[in-house]
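In structure tokens, the next block holds one chain alone, the form predicted on its own.
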């Protein structure tokens, strides 16, 4: 629980004739974190298996079919079924690809045609309201035309008249849009375009309808019939595509999963060492499973492999697998969010499990808010199982909020319920100084816990003397500062000199253990402890806002009538906002107190996750 899973480095050596069978067995065991082999003079890097390129090509083809059928393979359920050979999969994919691609092409063809006819209909509609027909626009050497929309047509005719008297202008407005058709002599084109630009002219491209015979109204009706026919054809193609997708989704999802697995096996030798006759695989296996792996491999390969363990080399990175009980496991989320521990240091997940909910609950600290968040997080956990670990953490935090709410005697910010005062041990509204002292005391305890964990880490790596000077010296420094403070405030009969001497001894030991770097950090540890005052400040902000909401609602209730409804709305909206703030603030600040104030006393991190070959992540 306090340490990560012990790992052993396993080395597997065998003849090249067994490389595929060995790789497949390791994939099935899903236990070995394979290391990349570094090329040397004697041992080269392995080559992918012969079938690797065929598998890659099949994967591309299969995913192309899925894309043409609009199948999201990432979300499609994977169901076990009969195993097919690569040749069988390729044959089935070839048949399916022909059907899927032809359906996709037909669908795209109809979609394109519908878009073109819809554009024609829009253009014909513009001509209709302008009382023009496509046949109006004939090729002419001396006469030009412009058709489109303008932002406004005020004074447009007068402006054109000032340029030329030989023109014809049609204007019509529909749906807050003004369309114009201007016919003019070729020589005045530049000046007329300048005038139209002043009226924000947007030209229409009428080339798609040029040459069409009949009036605009007749052509609109004809186009609508064509659109209706095309839409039916598109719907038929779409239904066929949906039918193909429903029919073949299980097959495609299953075979894609199988091919991904086979590709992983076929490309695995790129991580192996290899000679002309043998291969070598190195990787990490949880120590408790080493014997099981050796037995399984020997049984499968009929003792034709040489399997041994190697000692850990200095500076080598060991992959991390947590070893926490089920109740603590959700809190590993915070370690993945930050950085994983190294294999030889304390795993702080258990300590986060103990302290994170308590810090969160101390800040939120309300029975009503705690019950509300508990219900909400439970519902979210059921609705979004992929985030269940995160919501489990918040459920723990909600229980802590209820606990502290009982200590503070608060229910949705009120200290009275039904005219009766709620029992409490501490009032956040009236005992501010005591609340501040408790918050700082929590900081002292939390920081000291980090220091003691750091002492344990240093003891294991550098011995007692270094651990004592580097870590326990901080305890002496804090004790010296505490003695000095209580003596100054006359809380004890001890002279201040005792505090100064204790403080000096701590600084001396720290200098021996960590040098001048440690001395420079002395002011920081007091800042770390004072930082826990936020526990009091955020809690006061929450209870203050809740009190304001309750007072506003109470005033509405006293006025009676419709104002009672306003009071209820005020209570619901106000407390919902406060609950939201009460989740975000305590969560982020609890996280900060762990990452900045707590972890810096002992934690280095930098571990790499354990990724066993064959496990899908």
Partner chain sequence: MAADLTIPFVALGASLAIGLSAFAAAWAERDIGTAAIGAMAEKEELFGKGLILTVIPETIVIFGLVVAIMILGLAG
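Positions refer to the first chain, counted from 1. Note that the structure is a prediction, hence the values are computed from the model and not measured.
Missing here is the form predicted together with the partner chain; even so, the following discussion is about that form.
Asker: Heavy atoms within 4.5 Å of the partner chain in the predicted complex: which of the stretches 352-360, 330-338, 288-296, 275-283 has them?
Answerer: Within 4.5 Å of the partner lies stretch 330-338.
Asker: Is there any non-hydrogen atom of residue 596 lying within 4.5 Å of the partner chain in the predicted complex?
Answerer: Because a heavy atom of residue 596 falls inside 4.5 Å of the partner chain in the predicted complex, the answer is yes.
Asker: Any chance residue 126 has a heavy atom within 4.5 Å of the partner chain in the predicted complex?
Answerer: Result no; residue 126 lies far from the partner chain in the predicted complex.
Asker: Is residue 534 close enough to the partner chain in the predicted complex to count, meaning some heavy atom within 4.5 Å?
Answerer: Looking in the predicted complex, residue contacts with the partner chain include residue 534, since a heavy atom lies within 4.5 Å.
Asker: Can you check whether residue 589 is within 4.5 Å of the partner chain in the predicted complex, heavy atom basis?
Answerer: Residue 589: contacts the partner chain in the predicted complex.
Asker: I need to confirm a contact call. Of 494, 530, 194, 260, which residue comes within 4.5 Å of the partner chain in the predicted complex, counting heavy atoms only?
Answerer: Contact residue from the list: 530.
Asker: Could you check which residue among 432, 445, 384, 243 gets a heavy atom within 4.5 Å of the partner chain in the predicted complex?
Answerer: None of the other options qualify; the answer is 432.
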